[in-house]
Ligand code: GLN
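What follows is one chain in C-alpha coordinates, specifically the form predicted alone.
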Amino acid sequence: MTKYVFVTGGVVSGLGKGITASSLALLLKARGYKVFMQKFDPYFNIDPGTMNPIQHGEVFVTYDGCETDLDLGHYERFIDEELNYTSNITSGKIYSSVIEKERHGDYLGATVQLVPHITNEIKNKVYEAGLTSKADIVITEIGGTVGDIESQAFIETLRQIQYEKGPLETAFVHTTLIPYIVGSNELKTKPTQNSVKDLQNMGIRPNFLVCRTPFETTDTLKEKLSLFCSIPKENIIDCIDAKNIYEVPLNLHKQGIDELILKQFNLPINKANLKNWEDLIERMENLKDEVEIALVGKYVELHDAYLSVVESLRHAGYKYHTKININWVNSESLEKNVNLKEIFKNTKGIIVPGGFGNRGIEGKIKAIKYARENNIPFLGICLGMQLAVIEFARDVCKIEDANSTEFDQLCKNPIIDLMSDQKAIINMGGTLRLGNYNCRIKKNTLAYNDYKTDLIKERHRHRYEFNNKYMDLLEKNGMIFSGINEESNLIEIIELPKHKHFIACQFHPEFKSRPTRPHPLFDSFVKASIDNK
(Lines give C-alpha, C1' and ligand atoms only; values in the text may rest on other atoms or scores of the structure.)
Protein backbone atom coordinates (compact mmCIF):
# COMPACT_ATOMS: atom_id res chain seq x y z
CA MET A 1 0.00 0.00 0.00
CA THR A 2 1.35 3.43 -1.01
CA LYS A 3 2.60 5.69 1.79
CA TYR A 4 2.30 9.47 1.54
CA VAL A 5 4.75 12.17 2.67
CA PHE A 6 3.49 15.77 2.63
CA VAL A 7 5.96 18.68 2.69
CA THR A 8 4.62 22.05 3.82
CA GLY A 9 6.33 25.37 4.43
CA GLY A 10 6.03 28.06 7.06
CA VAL A 11 7.34 31.49 8.13
CA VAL A 12 8.52 32.67 4.69
CA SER A 13 8.59 31.42 1.13
CA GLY A 14 11.79 30.34 -0.62
CA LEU A 15 13.00 28.09 2.21
CA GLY A 16 13.69 25.18 -0.11
CA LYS A 17 10.61 22.97 0.26
CA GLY A 18 11.28 21.60 -3.21
CA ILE A 19 14.90 20.75 -2.38
CA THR A 20 13.80 19.17 0.92
CA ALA A 21 11.15 17.08 -0.86
CA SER A 22 13.62 16.09 -3.58
CA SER A 23 16.24 15.14 -1.00
CA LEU A 24 13.79 12.93 0.90
CA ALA A 25 12.82 11.22 -2.35
CA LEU A 26 16.46 10.61 -3.27
CA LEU A 27 17.22 9.12 0.17
CA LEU A 28 14.18 6.84 0.15
CA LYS A 29 14.97 5.69 -3.39
CA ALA A 30 18.55 5.01 -2.26
CA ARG A 31 17.08 2.65 0.31
CA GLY A 32 15.39 0.63 -2.40
CA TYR A 33 11.89 2.14 -2.49
CA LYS A 34 10.01 3.23 -5.58
CA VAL A 35 9.30 6.94 -5.12
CA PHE A 36 7.04 9.35 -7.00
CA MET A 37 6.73 13.12 -6.53
CA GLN A 38 4.10 15.79 -7.08
CA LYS A 39 3.62 19.51 -6.43
CA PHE A 40 0.39 21.31 -5.51
CA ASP A 41 0.45 24.99 -6.50
CA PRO A 42 -2.25 27.30 -5.10
CA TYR A 43 -2.40 29.73 -8.05
CA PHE A 44 -5.45 29.72 -10.33
CA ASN A 45 -3.58 29.41 -13.62
CA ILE A 46 -4.21 25.99 -15.14
CA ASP A 47 -0.42 25.68 -15.41
CA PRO A 48 2.55 28.07 -15.55
CA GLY A 49 2.69 27.84 -19.35
CA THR A 50 1.31 31.35 -19.95
CA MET A 51 3.17 33.02 -17.07
CA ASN A 52 6.01 35.47 -17.57
CA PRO A 53 9.28 33.73 -16.59
CA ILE A 54 10.29 36.91 -14.74
CA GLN A 55 7.41 36.28 -12.32
CA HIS A 56 7.56 32.52 -11.97
CA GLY A 57 10.85 31.24 -13.34
CA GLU A 58 11.19 28.63 -16.06
CA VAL A 59 8.43 26.31 -17.21
CA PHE A 60 9.52 22.69 -16.88
CA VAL A 61 7.99 20.19 -19.32
CA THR A 62 7.41 16.50 -18.58
CA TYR A 63 7.77 13.75 -21.16
CA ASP A 64 3.96 13.58 -21.62
CA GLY A 65 3.73 17.29 -22.43
CA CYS A 66 2.63 18.77 -19.10
CA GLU A 67 3.84 22.34 -18.48
CA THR A 68 4.83 22.49 -14.83
CA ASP A 69 6.47 24.41 -12.03
CA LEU A 70 10.27 24.55 -11.99
CA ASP A 71 10.35 22.43 -8.81
CA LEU A 72 9.60 19.40 -10.97
CA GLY A 73 12.98 19.98 -12.59
CA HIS A 74 14.57 19.61 -9.15
CA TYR A 75 12.53 16.46 -8.55
CA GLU A 76 13.65 14.79 -11.78
CA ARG A 77 17.28 15.82 -11.38
CA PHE A 78 17.45 14.44 -7.83
CA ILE A 79 15.58 11.14 -8.25
CA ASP A 80 16.36 10.54 -11.96
CA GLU A 81 12.76 9.52 -12.69
CA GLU A 82 10.46 10.86 -15.40
CA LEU A 83 7.38 12.51 -13.87
CA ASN A 84 4.05 13.16 -15.61
CA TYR A 85 0.73 15.03 -15.61
CA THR A 86 -0.14 13.80 -12.10
CA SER A 87 2.95 15.53 -10.73
CA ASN A 88 1.84 19.17 -10.96
CA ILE A 89 -1.64 20.15 -9.77
CA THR A 90 -2.81 23.75 -9.52
CA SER A 91 -5.90 25.34 -8.00
CA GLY A 92 -6.81 26.25 -11.56
CA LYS A 93 -6.89 22.58 -12.58
CA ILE A 94 -8.87 21.59 -9.49
CA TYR A 95 -11.55 24.27 -9.82
CA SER A 96 -11.83 23.83 -13.60
CA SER A 97 -12.41 20.10 -13.14
CA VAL A 98 -15.06 20.63 -10.46
CA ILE A 99 -16.90 23.27 -12.52
CA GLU A 100 -16.80 21.01 -15.59
CA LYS A 101 -18.31 18.16 -13.56
CA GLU A 102 -20.99 20.48 -12.19
CA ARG A 103 -21.94 21.60 -15.70
CA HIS A 104 -22.06 17.98 -16.77
CA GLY A 105 -24.43 17.14 -13.92
CA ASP A 106 -22.05 14.77 -12.15
CA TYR A 107 -23.03 16.04 -8.70
CA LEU A 108 -26.72 15.19 -9.21
CA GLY A 109 -28.00 18.63 -8.32
CA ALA A 110 -26.00 19.03 -5.10
CA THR A 111 -24.76 22.44 -4.01
CA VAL A 112 -21.09 22.46 -4.99
CA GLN A 113 -18.91 23.53 -2.07
CA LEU A 114 -15.29 23.80 -1.00
CA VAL A 115 -15.86 20.82 1.29
CA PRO A 116 -16.40 18.14 0.11
CA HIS A 117 -16.24 18.79 -3.66
CA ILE A 118 -13.00 20.75 -3.99
CA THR A 119 -11.23 18.77 -1.26
CA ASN A 120 -12.38 15.48 -2.79
CA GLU A 121 -10.97 16.55 -6.14
CA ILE A 122 -7.61 17.36 -4.53
CA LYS A 123 -7.71 14.06 -2.65
CA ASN A 124 -8.32 12.19 -5.90
CA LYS A 125 -5.18 13.78 -7.38
CA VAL A 126 -3.10 12.61 -4.41
CA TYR A 127 -4.36 9.05 -4.67
CA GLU A 128 -4.17 9.04 -8.48
CA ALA A 129 -0.42 9.69 -8.24
CA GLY A 130 -0.05 6.61 -6.06
CA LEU A 131 -2.21 4.40 -8.26
CA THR A 132 -0.74 5.37 -11.63
CA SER A 133 2.90 5.36 -10.48
CA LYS A 134 2.55 2.21 -8.35
CA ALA A 135 5.07 3.87 -6.04
CA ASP A 136 5.84 2.68 -2.53
CA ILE A 137 6.02 6.29 -1.37
CA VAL A 138 4.52 9.46 -2.91
CA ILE A 139 6.03 12.76 -1.77
CA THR A 140 3.77 15.78 -2.25
CA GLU A 141 4.96 19.36 -1.83
CA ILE A 142 2.37 22.05 -1.05
CA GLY A 143 3.32 25.35 -2.69
CA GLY A 144 3.18 28.63 -0.81
CA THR A 145 3.26 29.11 2.95
CA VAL A 146 0.93 27.81 5.66
CA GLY A 147 -1.57 30.57 6.39
CA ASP A 148 -1.87 31.71 2.76
CA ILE A 149 -5.53 32.10 1.78
CA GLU A 150 -4.88 30.36 -1.54
CA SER A 151 -3.58 27.13 0.00
CA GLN A 152 -6.30 26.57 2.61
CA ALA A 153 -8.21 24.04 0.50
CA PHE A 154 -5.03 21.97 0.08
CA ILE A 155 -4.27 22.05 3.82
CA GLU A 156 -7.84 21.00 4.65
CA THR A 157 -7.49 18.10 2.22
CA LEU A 158 -4.30 16.98 3.93
CA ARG A 159 -6.10 17.08 7.27
CA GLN A 160 -8.72 14.73 5.87
CA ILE A 161 -6.07 12.41 4.43
CA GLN A 162 -4.19 12.36 7.75
CA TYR A 163 -7.42 11.38 9.51
CA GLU A 164 -8.40 8.76 6.89
CA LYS A 165 -5.00 7.10 6.48
CA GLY A 166 -3.43 7.50 9.90
CA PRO A 167 0.24 7.74 10.98
CA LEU A 168 1.30 4.41 9.42
CA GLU A 169 0.49 5.72 5.94
CA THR A 170 1.07 9.49 6.16
CA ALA A 171 3.98 11.63 7.33
CA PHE A 172 4.01 15.42 7.50
CA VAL A 173 7.28 17.31 7.08
CA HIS A 174 7.07 21.01 7.88
CA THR A 175 9.90 23.27 6.68
CA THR A 176 10.46 26.49 8.62
CA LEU A 177 13.00 29.26 9.14
CA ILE A 178 15.15 29.66 12.26
CA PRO A 179 16.33 33.27 11.84
CA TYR A 180 19.62 34.51 13.27
CA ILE A 181 19.52 37.88 15.01
CA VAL A 182 22.89 39.57 14.53
CA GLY A 183 22.70 42.02 17.44
CA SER A 184 21.96 39.40 20.10
CA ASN A 185 23.78 36.57 18.28
CA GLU A 186 20.80 34.27 18.72
CA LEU A 187 18.81 31.78 16.68
CA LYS A 188 15.10 32.44 17.24
CA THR A 189 12.42 29.72 17.45
CA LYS A 190 9.29 31.87 17.80
CA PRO A 191 8.52 32.10 14.03
CA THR A 192 8.67 28.29 13.82
CA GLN A 193 6.47 27.90 16.91
CA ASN A 194 3.86 30.20 15.40
CA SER A 195 4.01 28.45 12.04
CA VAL A 196 3.47 25.02 13.61
CA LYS A 197 0.62 26.49 15.67
CA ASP A 198 -0.99 27.75 12.44
CA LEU A 199 -0.76 24.24 11.02
CA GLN A 200 -2.15 22.67 14.21
CA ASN A 201 -5.05 25.16 14.19
CA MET A 202 -5.93 23.78 10.75
CA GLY A 203 -6.04 20.27 12.19
CA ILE A 204 -2.62 18.98 11.11
CA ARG A 205 0.08 17.90 13.52
CA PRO A 206 3.42 17.70 11.70
CA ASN A 207 5.63 14.69 12.41
CA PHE A 208 8.93 16.29 11.38
CA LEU A 209 10.44 19.76 11.36
CA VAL A 210 13.10 20.66 8.81
CA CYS A 211 14.59 23.94 9.99
CA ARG A 212 16.42 26.19 7.55
CA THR A 213 19.28 27.62 9.56
CA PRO A 214 22.66 29.27 8.85
CA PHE A 215 24.45 26.81 11.16
CA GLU A 216 23.81 23.79 13.34
CA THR A 217 21.28 24.27 16.14
CA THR A 218 21.85 23.23 19.75
CA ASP A 219 20.15 20.47 21.75
CA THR A 220 18.66 23.18 23.96
CA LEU A 221 17.02 24.87 20.97
CA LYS A 222 15.65 21.55 19.68
CA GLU A 223 14.30 20.69 23.13
CA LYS A 224 12.48 24.04 23.18
CA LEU A 225 11.00 23.40 19.72
CA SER A 226 10.03 19.89 20.76
CA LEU A 227 8.22 21.18 23.84
CA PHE A 228 6.29 23.96 22.10
CA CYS A 229 5.60 22.13 18.82
CA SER A 230 4.80 18.66 20.25
CA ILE A 231 7.35 17.02 17.96
CA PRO A 232 9.96 14.49 19.19
CA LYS A 233 13.40 16.08 19.47
CA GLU A 234 14.98 13.48 17.12
CA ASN A 235 12.41 14.46 14.45
CA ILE A 236 13.69 18.05 14.37
CA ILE A 237 16.21 18.28 11.53
CA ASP A 238 18.64 21.07 10.62
CA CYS A 239 18.72 22.12 7.00
CA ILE A 240 21.94 24.11 7.08
CA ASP A 241 22.69 26.61 4.31
CA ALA A 242 24.76 24.68 1.74
CA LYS A 243 27.14 25.86 -0.97
CA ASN A 244 25.28 23.69 -3.46
CA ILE A 245 21.76 22.24 -3.39
CA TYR A 246 23.13 18.77 -4.17
CA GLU A 247 24.74 18.67 -0.72
CA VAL A 248 21.36 18.82 1.05
CA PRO A 249 20.43 15.09 0.75
CA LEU A 250 23.65 14.00 2.45
CA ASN A 251 23.19 16.59 5.21
CA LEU A 252 19.67 15.30 5.90
CA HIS A 253 20.84 11.67 5.68
CA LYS A 254 23.45 12.26 8.40
CA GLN A 255 20.60 13.29 10.71
CA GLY A 256 18.62 10.16 9.85
CA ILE A 257 15.41 11.69 8.53
CA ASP A 258 14.93 8.93 5.94
CA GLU A 259 15.30 6.25 8.61
CA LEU A 260 12.84 8.07 10.89
CA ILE A 261 10.22 8.26 8.12
CA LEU A 262 10.58 4.55 7.37
CA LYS A 263 10.22 3.79 11.09
CA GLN A 264 6.98 5.77 11.17
CA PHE A 265 5.70 3.81 8.16
CA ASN A 266 6.86 0.56 9.79
CA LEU A 267 8.82 -0.24 6.61
CA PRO A 268 12.13 -2.16 6.42
CA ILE A 269 15.13 0.12 6.82
CA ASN A 270 17.33 -1.05 3.96
CA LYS A 271 20.89 0.17 3.72
CA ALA A 272 21.13 3.37 1.69
CA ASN A 273 23.22 3.22 -1.47
CA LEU A 274 24.43 6.79 -1.93
CA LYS A 275 27.80 6.14 -3.55
CA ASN A 276 26.95 7.89 -6.84
CA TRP A 277 25.76 10.96 -4.94
CA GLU A 278 28.78 10.97 -2.62
CA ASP A 279 31.07 10.71 -5.66
CA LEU A 280 29.22 13.65 -7.22
CA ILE A 281 29.70 15.84 -4.13
CA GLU A 282 33.39 14.93 -3.93
CA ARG A 283 33.81 15.84 -7.60
CA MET A 284 31.95 19.14 -7.09
CA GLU A 285 34.17 20.05 -4.15
CA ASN A 286 37.35 19.40 -6.10
CA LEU A 287 36.85 21.24 -9.39
CA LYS A 288 40.25 21.84 -10.94
CA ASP A 289 39.44 24.29 -13.70
CA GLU A 290 36.89 26.93 -14.69
CA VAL A 291 35.42 28.26 -17.92
CA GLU A 292 33.16 31.19 -18.81
CA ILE A 293 30.06 30.53 -20.90
CA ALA A 294 27.81 33.38 -22.03
CA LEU A 295 24.06 32.83 -21.68
CA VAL A 296 22.28 35.30 -23.94
CA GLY A 297 18.63 35.82 -23.01
CA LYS A 298 16.01 38.42 -22.25
CA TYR A 299 14.99 37.17 -18.78
CA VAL A 300 18.49 37.19 -17.32
CA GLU A 301 17.54 39.42 -14.36
CA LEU A 302 15.83 36.33 -12.88
CA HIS A 303 18.26 33.44 -13.13
CA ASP A 304 15.49 30.94 -12.32
CA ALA A 305 14.07 31.68 -15.78
CA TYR A 306 16.94 29.53 -17.14
CA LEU A 307 17.30 27.19 -14.18
CA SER A 308 17.47 23.88 -16.07
CA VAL A 309 19.86 25.31 -18.67
CA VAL A 310 22.28 26.51 -16.01
CA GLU A 311 22.04 23.23 -14.07
CA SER A 312 22.72 21.29 -17.29
CA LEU A 313 25.86 23.34 -17.94
CA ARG A 314 27.03 22.64 -14.40
CA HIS A 315 26.31 18.92 -14.76
CA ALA A 316 28.66 18.78 -17.73
CA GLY A 317 31.17 20.89 -15.84
CA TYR A 318 31.22 18.36 -12.98
CA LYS A 319 32.08 15.62 -15.45
CA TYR A 320 35.14 17.57 -16.61
CA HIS A 321 36.11 18.80 -13.12
CA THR A 322 35.38 22.35 -14.26
CA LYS A 323 33.47 25.18 -12.64
CA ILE A 324 31.07 26.91 -15.06
CA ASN A 325 31.04 30.71 -14.74
CA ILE A 326 27.94 32.17 -16.39
CA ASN A 327 28.29 35.47 -18.22
CA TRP A 328 24.66 36.68 -18.08
CA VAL A 329 24.10 38.77 -21.22
CA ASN A 330 20.86 40.69 -21.68
CA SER A 331 20.02 40.30 -25.37
CA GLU A 332 18.24 43.68 -25.48
CA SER A 333 21.47 45.40 -24.50
CA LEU A 334 23.20 43.87 -27.54
CA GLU A 335 20.78 45.65 -29.88
CA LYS A 336 22.50 48.91 -29.04
CA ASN A 337 25.81 49.85 -30.63
CA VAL A 338 27.93 47.78 -28.26
CA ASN A 339 31.39 46.25 -28.44
CA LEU A 340 30.68 42.51 -28.66
CA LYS A 341 34.38 41.72 -28.44
CA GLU A 342 34.48 43.40 -25.04
CA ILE A 343 31.28 41.68 -23.79
CA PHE A 344 32.52 38.24 -24.83
CA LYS A 345 36.24 38.82 -24.17
CA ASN A 346 36.53 35.98 -21.61
CA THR A 347 33.76 33.82 -23.06
CA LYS A 348 34.72 30.39 -24.38
CA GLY A 349 31.22 29.27 -25.38
CA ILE A 350 27.89 30.97 -26.18
CA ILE A 351 24.45 29.52 -25.52
CA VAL A 352 21.13 31.02 -26.67
CA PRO A 353 18.21 29.30 -24.90
CA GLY A 354 14.47 29.35 -25.59
CA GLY A 355 12.01 32.21 -25.27
CA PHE A 356 8.97 33.87 -26.82
CA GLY A 357 8.17 37.24 -28.38
CA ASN A 358 10.22 39.72 -30.38
CA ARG A 359 11.88 41.61 -27.53
CA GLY A 360 15.66 41.22 -27.63
CA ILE A 361 15.58 39.05 -30.76
CA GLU A 362 18.05 41.09 -32.84
CA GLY A 363 20.48 41.06 -29.91
CA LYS A 364 20.38 37.27 -29.82
CA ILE A 365 20.98 37.16 -33.56
CA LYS A 366 24.03 39.42 -33.15
CA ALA A 367 25.41 37.06 -30.49
CA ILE A 368 24.88 34.04 -32.77
CA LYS A 369 26.62 35.82 -35.64
CA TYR A 370 29.53 36.68 -33.36
CA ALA A 371 29.85 33.02 -32.29
CA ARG A 372 29.72 31.80 -35.90
CA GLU A 373 32.17 34.32 -37.31
CA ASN A 374 34.65 34.02 -34.44
CA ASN A 375 34.54 30.22 -34.24
CA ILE A 376 33.28 30.22 -30.64
CA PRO A 377 31.46 27.01 -29.55
CA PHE A 378 27.72 27.59 -29.80
CA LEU A 379 24.61 25.79 -28.56
CA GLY A 380 21.13 27.02 -29.54
CA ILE A 381 17.98 25.72 -27.88
CA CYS A 382 14.44 26.05 -29.30
CA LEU A 383 14.25 29.77 -30.19
CA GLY A 384 18.04 29.68 -30.21
CA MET A 385 17.91 27.20 -33.09
CA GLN A 386 15.35 29.25 -35.01
CA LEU A 387 17.46 32.39 -34.69
CA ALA A 388 20.61 30.52 -35.73
CA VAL A 389 18.82 29.53 -38.94
CA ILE A 390 17.57 33.09 -39.51
CA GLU A 391 21.07 34.51 -38.96
CA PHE A 392 22.56 31.99 -41.40
CA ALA A 393 19.89 32.77 -44.00
CA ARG A 394 20.52 36.51 -43.69
CA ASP A 395 24.30 36.67 -43.45
CA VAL A 396 25.46 33.61 -45.38
CA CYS A 397 22.63 32.94 -47.86
CA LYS A 398 22.05 36.72 -48.33
CA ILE A 399 18.28 36.58 -47.72
CA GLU A 400 18.30 39.97 -46.06
CA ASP A 401 14.64 39.95 -44.96
CA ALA A 402 14.70 36.39 -43.59
CA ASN A 403 12.62 36.27 -40.43
CA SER A 404 10.01 34.40 -38.40
CA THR A 405 6.28 35.07 -38.65
CA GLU A 406 6.34 35.20 -34.86
CA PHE A 407 8.13 38.55 -35.16
CA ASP A 408 6.83 39.74 -38.54
CA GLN A 409 3.61 38.18 -39.81
CA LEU A 410 4.02 39.79 -43.23
CA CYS A 411 7.67 38.89 -43.87
CA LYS A 412 8.32 37.72 -47.43
CA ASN A 413 10.87 35.08 -46.42
CA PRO A 414 9.48 33.26 -43.39
CA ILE A 415 12.38 30.96 -42.57
CA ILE A 416 10.46 30.11 -39.40
CA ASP A 417 6.69 29.76 -39.64
CA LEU A 418 3.64 28.29 -37.95
CA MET A 419 2.67 24.74 -38.79
CA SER A 420 -0.68 24.56 -40.58
CA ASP A 421 -2.34 22.86 -37.61
CA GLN A 422 -1.21 25.71 -35.34
CA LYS A 423 -2.61 28.55 -37.44
CA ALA A 424 -6.23 28.00 -36.42
CA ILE A 425 -5.47 27.85 -32.69
CA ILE A 426 -6.89 30.71 -30.62
CA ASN A 427 -6.04 29.72 -27.02
CA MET A 428 -2.46 30.28 -25.90
CA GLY A 429 -2.31 27.84 -22.98
CA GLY A 430 -1.39 24.20 -23.53
CA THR A 431 -1.49 24.45 -27.34
CA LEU A 432 2.23 24.33 -28.11
CA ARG A 433 4.06 21.30 -29.44
CA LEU A 434 4.73 19.75 -26.04
CA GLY A 435 6.50 16.72 -24.62
CA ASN A 436 8.41 13.85 -26.21
CA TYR A 437 8.86 13.51 -29.97
CA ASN A 438 11.14 11.21 -31.95
CA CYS A 439 14.18 12.54 -33.74
CA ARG A 440 16.13 10.60 -36.37
CA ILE A 441 19.81 11.61 -36.47
CA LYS A 442 22.03 11.47 -39.54
CA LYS A 443 25.22 9.49 -39.18
CA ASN A 444 28.62 11.17 -39.50
CA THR A 445 27.35 14.34 -37.84
CA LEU A 446 28.16 16.15 -34.61
CA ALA A 447 24.73 15.19 -33.25
CA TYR A 448 25.35 11.50 -33.96
CA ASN A 449 28.76 11.72 -32.34
CA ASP A 450 27.12 13.24 -29.24
CA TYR A 451 24.23 10.78 -28.92
CA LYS A 452 25.95 7.64 -30.29
CA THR A 453 22.59 6.53 -31.74
CA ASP A 454 20.37 7.44 -34.67
CA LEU A 455 17.00 7.60 -32.85
CA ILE A 456 16.28 9.73 -29.79
CA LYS A 457 13.29 11.15 -27.92
CA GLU A 458 13.42 14.72 -26.61
CA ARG A 459 10.98 17.12 -24.95
CA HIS A 460 9.54 20.10 -26.83
CA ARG A 461 7.84 23.37 -26.00
CA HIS A 462 7.31 25.61 -29.02
CA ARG A 463 4.81 26.64 -31.68
CA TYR A 464 6.89 27.76 -34.68
CA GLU A 465 8.95 25.47 -36.93
CA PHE A 466 11.65 25.67 -39.58
CA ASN A 467 10.16 26.23 -43.05
CA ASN A 468 11.36 23.29 -45.16
CA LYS A 469 11.05 25.35 -48.37
CA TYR A 470 14.41 26.89 -47.52
CA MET A 471 16.22 23.64 -46.72
CA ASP A 472 17.95 23.16 -50.07
CA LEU A 473 19.32 26.71 -50.16
CA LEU A 474 20.72 26.52 -46.63
CA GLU A 475 22.25 23.09 -47.29
CA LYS A 476 23.98 24.40 -50.41
CA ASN A 477 25.58 27.10 -48.25
CA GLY A 478 26.93 24.64 -45.69
CA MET A 479 24.25 24.03 -43.06
CA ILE A 480 23.58 20.41 -42.06
CA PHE A 481 20.09 19.35 -40.98
CA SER A 482 21.25 16.50 -38.79
CA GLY A 483 18.06 15.69 -36.89
CA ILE A 484 14.49 15.33 -38.18
CA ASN A 485 11.13 14.21 -36.85
CA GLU A 486 10.14 11.77 -39.59
CA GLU A 487 6.48 11.56 -38.60
CA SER A 488 5.89 15.26 -39.31
CA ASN A 489 8.97 16.01 -41.45
CA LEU A 490 10.06 18.69 -38.98
CA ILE A 491 13.65 19.82 -38.45
CA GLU A 492 14.99 19.07 -34.98
CA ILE A 493 18.77 19.68 -35.15
CA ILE A 494 21.01 21.89 -37.30
CA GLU A 495 24.79 22.23 -37.29
CA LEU A 496 27.68 23.85 -39.15
CA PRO A 497 30.41 21.27 -39.82
CA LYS A 498 33.10 23.82 -40.76
CA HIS A 499 32.75 25.48 -37.37
CA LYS A 500 34.67 24.41 -34.24
CA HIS A 501 31.37 23.48 -32.51
CA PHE A 502 28.10 24.92 -33.77
CA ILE A 503 24.88 22.99 -33.06
CA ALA A 504 21.29 23.93 -32.27
CA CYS A 505 18.14 21.96 -31.53
CA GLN A 506 14.41 22.66 -31.64
CA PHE A 507 13.77 20.68 -28.44
CA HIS A 508 14.81 21.32 -24.83
CA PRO A 509 17.68 18.99 -23.86
CA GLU A 510 18.04 20.70 -20.47
CA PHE A 511 14.95 18.87 -19.19
CA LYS A 512 16.71 15.49 -19.39
CA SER A 513 20.10 16.37 -17.94
CA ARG A 514 21.07 14.87 -14.57
CA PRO A 515 23.88 15.83 -12.15
CA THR A 516 25.40 12.35 -12.39
CA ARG A 517 24.62 12.02 -16.13
CA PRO A 518 24.89 15.23 -18.19
CA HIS A 519 22.90 15.51 -21.39
CA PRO A 520 24.96 14.66 -24.52
CA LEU A 521 24.48 18.09 -26.15
CA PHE A 522 25.55 19.95 -23.02
CA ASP A 523 28.37 17.47 -22.48
CA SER A 524 29.93 18.11 -25.88
CA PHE A 525 29.25 21.87 -25.79
CA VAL A 526 30.94 22.30 -22.41
CA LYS A 527 33.86 20.12 -23.49
CA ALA A 528 34.27 22.23 -26.65
CA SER A 529 34.16 25.40 -24.53
CA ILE A 530 36.85 24.01 -22.21
CA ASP A 531 38.97 22.98 -25.21
CA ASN A 532 38.50 26.49 -26.58
CA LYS A 533 40.57 27.88 -23.69
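This one's a predicted model, so the numbers in the text were calculated from it and none came from an experiment. Each residue number is its position in the shown sequence, starting from 1.
Same protein, other form: the form predicted in complex with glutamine (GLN), not shown, and the subject of what follows.
Can you tell me which of 379 to 387, 193 to 201, 301 to 309, 83 to 91 lies within 4.5 Å of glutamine (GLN) in the model of the complex, counting heavy atoms only?
Of the options, only 379 to 387 has residues within 4.5 Å of the partner.
Although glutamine (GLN) is absent from this view, report whether residue 125 comes within 4.5 Å of it in the model of the complex, heavy atoms only.
Output for residue 125 is no: heavy atoms all beyond 4.5 Å of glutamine (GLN).
Quick one: is residue 355 in contact with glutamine (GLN) in the model of the complex, heavy atoms, 4.5 Å cut-off?
Yes, residue 355 is a contact residue.
Residue-level question: is residue 292 within 4.5 Å of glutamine (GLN) in the model of the complex, judged on heavy atoms?
Contact check for residue 292: no, nothing within 4.5 Å of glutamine (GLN) in the model of the complex.
Does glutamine (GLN) get within 4.5 angstroms of any non-hydrogen atom of residue 406 in the model of the complex?
Yes - in the model of the complex, heavy atoms of residue 406 and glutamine (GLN) come within 4.5 Å of each other.
Please pick, from 283, 372, 165, 463, the one residue with any non-hydrogen atom lying within 4.5 angstroms of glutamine (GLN) in the model of the complex.
Flagged contact: 463.
Pick out the residues of 485 to 509 whose heavy atoms come within 4.5 Å of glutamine (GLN) in the model of the complex.
Only a single residue, 508, comes within 4.5 Å of the partner.
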